[in-house]
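Here we start with a single chain on its own, the form predicted on its own, put down as structure tokens.
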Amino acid sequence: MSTTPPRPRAIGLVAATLALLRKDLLIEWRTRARLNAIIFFALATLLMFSFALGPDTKLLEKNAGGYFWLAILFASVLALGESFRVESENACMDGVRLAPADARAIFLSKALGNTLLLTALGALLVPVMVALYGVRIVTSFMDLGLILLLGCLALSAPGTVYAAISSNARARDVLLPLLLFPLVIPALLSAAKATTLVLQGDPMNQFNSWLGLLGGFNLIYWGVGFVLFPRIIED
């Protein structure tokens, strides 16, 4: 009498996402190579902006929000580019795909992990920006924290999708920013404008409009990434 082995029980989307996210965070914490690289790169970017403009403190204060988000954007290329490097180099993606779990959990775990990384980077850069550019937070820290979170979510969703697409390409380090930068211009503009309002005041009540645009961008690209990611990793 032959017995067939029991089929593996499918893992729920939330459980699979949390398990994969925990795995990525543990790898990141143990090596800390990517974290150290993006921190020093972002700090160097802020410093270069201040050196390039010289002693013109008024211009630094006026454009501080834009420089802050450009530093996060440039550093995000390093963070996003490393998202799938472990799976690509060790041929682990096939094993992850064979697991009895929804493939969308891979997208959610990678995108949420990148969001946490970029949000932590942004929180670290805020006091550096205040010290270098001589700005101060006029409205509230809660507004700045909300913009930081939404902006990092907006970079992470399409960035994770394009990182998966370019992970097997030879010129992946060049391909990723070429694909990502044009797409995230609306999110970058919204985040920079909203941050500027937090730093310089909002006499015309424009903050909610930029916040709404950033929220709409997130809804679109998190939804698109969630739906299309299984097909992307199959190809």
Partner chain sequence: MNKFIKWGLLVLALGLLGAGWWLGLAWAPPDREMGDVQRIMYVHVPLQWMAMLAMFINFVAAVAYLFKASWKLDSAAEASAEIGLVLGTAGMITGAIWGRPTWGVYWSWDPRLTSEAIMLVTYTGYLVLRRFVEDPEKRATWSAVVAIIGAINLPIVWFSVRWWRSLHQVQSSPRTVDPEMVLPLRVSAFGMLFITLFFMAVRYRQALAERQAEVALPDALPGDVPMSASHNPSKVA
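Note that the structure is predicted; figures quoted are calculated from it, not measured. Positions refer to the first chain, counted from 1.
Only in words, not in the display: the form predicted together with the partner chain, which the text now covers.
J.: With the partner left out here, check for me: in the model of the complex, does some heavy atom of L183 sit within 4.5 Å of the partner chain?
T.: Yes.
J.: Consider L149 of the chain shown here, and say whether it contacts the partner chain in the model of the complex, taking contact as heavy atoms within 4.5 Å.
T.: No - in the model of the complex, heavy atoms of L149 and the partner chain never come within 4.5 Å of each other.
J.: Determine whether any heavy atom of V161 comes within 4.5 Å of a heavy atom of the partner chain in the model of the complex, and answer yes or no.
T.: Yes.
J.: Is R32 part of the interface with the partner chain in the model of the complex - any heavy atom within 4.5 Å?
T.: So R32 does not count as contacting the partner chain.
J.: Which of 44-52, 64-72, 165-173, 23-31 has heavy atoms within 4.5 Å of the partner chain in the model of the complex?
T.: That would be stretch 165-173.
J.: Are all three of L179, I220 and L228 close to the partner chain in the model of the complex, meaning a heavy atom of each within 4.5 Å?
T.: Every listed residue reaches the partner chain in the model of the complex, so yes.
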